[in-house]
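What follows is a single chain, given as structure tokens, in the form predicted alone.
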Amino acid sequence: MQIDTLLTNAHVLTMDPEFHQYRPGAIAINESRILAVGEQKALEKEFTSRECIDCNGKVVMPGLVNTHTHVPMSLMRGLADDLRLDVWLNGYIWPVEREYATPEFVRLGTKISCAEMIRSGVTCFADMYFYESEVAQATAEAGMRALCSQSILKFPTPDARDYEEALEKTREFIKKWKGHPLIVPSIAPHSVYTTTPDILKRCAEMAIEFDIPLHTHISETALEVENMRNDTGMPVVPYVKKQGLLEAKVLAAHCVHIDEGEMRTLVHANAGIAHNPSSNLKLASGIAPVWKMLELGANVGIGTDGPASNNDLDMFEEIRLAAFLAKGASGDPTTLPAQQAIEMATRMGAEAMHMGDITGSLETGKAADLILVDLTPLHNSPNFERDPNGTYAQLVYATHGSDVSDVMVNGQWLMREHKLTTLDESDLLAQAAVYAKQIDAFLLVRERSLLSKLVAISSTTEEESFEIQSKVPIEDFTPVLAALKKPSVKILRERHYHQFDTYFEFEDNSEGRIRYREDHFIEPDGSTSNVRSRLTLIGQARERSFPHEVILSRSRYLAPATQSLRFFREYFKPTGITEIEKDRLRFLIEYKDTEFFVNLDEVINPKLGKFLEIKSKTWSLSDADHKAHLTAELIAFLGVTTGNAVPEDYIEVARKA
């Protein structure tokens, strides 16, 4: 029978369910499919080929399957390292993505990652990112196979104003790519903490409608799990099951912090799991208990995660680390043996991606996705042949990605004798260098500016304000409270807060300071009904003084504090921190047709006593001058003298005290 290609003189590792090996072995390929795998003599008798390739004794095995990554992020490799996941994402990655993630950026990053993966023997990968159609296009042009997952998040992303638009675009993306010979489209609700129940349900419904995989992050960090328990009273896996997510063909990335019950739930749902050892270690997310998952029958693949969090896409490195971690964490050196580690990186990984019928093993009818690996270099010598499992051990414990010499996907060579055939590396590197300079410049400006750093992490537009303010120490609130009831004053709103202020100070005081505030809303019965957190960038210099120690204070930029205080400490890196606790009765009043805030503050920590504080926002000097005179008049009306007024914020008062 005439065929296109016959590979001979090979040590064939099929990675089929029986782990057949053939040495010397051969593989018959016609067009994009494998026709036969077996002993060399038998296949040479059965087939004649247009191209017969002598593999020179190299290992021929299925191409490696990278079950979780974000390939365009190769353009952010090394952008910010040695940070916690929330600081890394919110402080650096997402701001850069908002600024630079365009279709062009995504295509270039994808091609760079494809080149890197081809060189280290990856033929198939699962991606999750924005502009996923561009990822699919660049991947198909490179000749690789991929599960391309369009990300859906609850807030605006580079490619969608809101999740409704993202879902609409995902529907069109799926229609465009479904049935492609190399690309399997997928939908990716990013995680429980970046989505809503409605998003999870609608993503699951779309995945079921089109019979495509659903790719998501699950239980990557202990904080994610803790927050889910606090918010919903249940762990992550039961929560996503409740939203119907597990009705779809799920690929769950990470699963670091799941218990045995959650593992069983995933197994029963036939969900695949992507283990990302390097990324989880680098970001200190933990070690996934993959040995237990495997014991329970889960399909667990191995992934690199994105090249910005790993920072490479070398699957041989991941396979080795996965085996070592399982042994070290379980305390059993027989845990996750080499053969099983290779299985995770090939056939089982493909099954975890719900693509096991297409790729992952060298079997008749499957796609011709394979690699040639040279086991003769110095670091992999000598070779012992008495144990048939010895080759798996060599591949896991001694082989490097650079030992891959040839790569074929869908019957087409993507690399021959270490030379890429579909991608121009020098051109890709030159384009990447241009982006690196632009991003460096962007981050350098942002790192020098507290305002830029504040805006970068804010999910809403910042608000700048100037305000007239005056502060007077008093002994008793009673006279002021009585005066506020007089007809000359109209109370528009009143609140009772318990406030915790943390001031971040910096070496360059011209930048001002950041205040992180928690407002605890106190009800009449003394209970706390709500807690609000926000950030304020307070300019350093006051703009102008008026009589009676009334001042036009600095500009203030406000932003919601959507992250923890610990996050902001690590993100802003202050050189000094001051904490102030106070109880505040706040009144929004109208006095002589002008609105003022009247604050009755008792500063508890440090013990500074009681103060009357008057504030009013302003935008012009003439308006400020008018409000300054009214402020002095209002203070007198409230029965307080301005003789010992304090022209400073509480932080300065605290320092003097």
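Residues carry their position along the shown sequence, with the first being 1. Owing to the predicted nature of the structure, the values given are computational and were not obtained by experimental measurement.
Keep in mind that the form predicted together with a further copy of the same chain is missing from the display, and what follows is about it.
Trainee: Every residue in L325, A338 and Y397 with a non-hydrogen atom within 4.5 Å of a further copy of the same chain in the predicted complex?
Mentor: Yes: L325, A338 and Y397 each sit within 4.5 Å of a further copy of the same chain in the predicted complex.
Trainee: Since the chain is shown here on its own, which stretch among 484-492, 365-373, 143-151, 381-389 would lie within 4.5 Å of a further copy of the same chain in the predicted complex, judged by heavy atoms?
Mentor: It is 381-389 that comes within 4.5 Å of the partner.
Trainee: Would you kindly say which of A207, I199, L321, M415 lies with a heavy atom within 4.5 Å of a further copy of the same chain in the predicted complex?
Mentor: It is L321 that has a heavy atom within 4.5 Å of the partner.
Trainee: Between the options K292, K169, K282, K176, which residue brings a heavy atom to within 4.5 Å of a further copy of the same chain in the predicted complex?
Mentor: Looking at K292, K169, K282, K176 one by one, just K282 meets the 4.5 Å heavy-atom criterion.
Trainee: So in the predicted complex, is a further copy of the same chain close enough to E260 to count as touching (4.5 Å, heavy atoms)?
Mentor: Taking the distances in the predicted complex, the answer for E260 is no, it never comes within 4.5 Å of a further copy of the same chain.
Trainee: Is V404 close to a further copy of the same chain in the predicted complex, meaning a heavy atom pair under 4.5 Å apart or at it?
Mentor: No, no contact at 4.5 Å.
Trainee: In the predicted complex, is there a heavy atom of a further copy of the same chain that lies within 4.5 Å of any heavy atom of L75, even though the partner is absent here?
Mentor: The answer is yes: L75 has a heavy atom within 4.5 Å of a further copy of the same chain.
Trainee: My question is simply whether D81 lines the interface with a further copy of the same chain in the predicted complex - judged by any non-hydrogen atom within 4.5 Å.
Mentor: Because a heavy atom of D81 falls inside 4.5 Å of a further copy of the same chain in the predicted complex, the answer is yes.
Trainee: Even though the chain is shown alone, can you say which residues of 114-143 have a heavy atom within 4.5 Å of a further copy of the same chain in the predicted complex?
Mentor: Heavy-atom contacts to a further copy of the same chain in the predicted complex: A115, E116.
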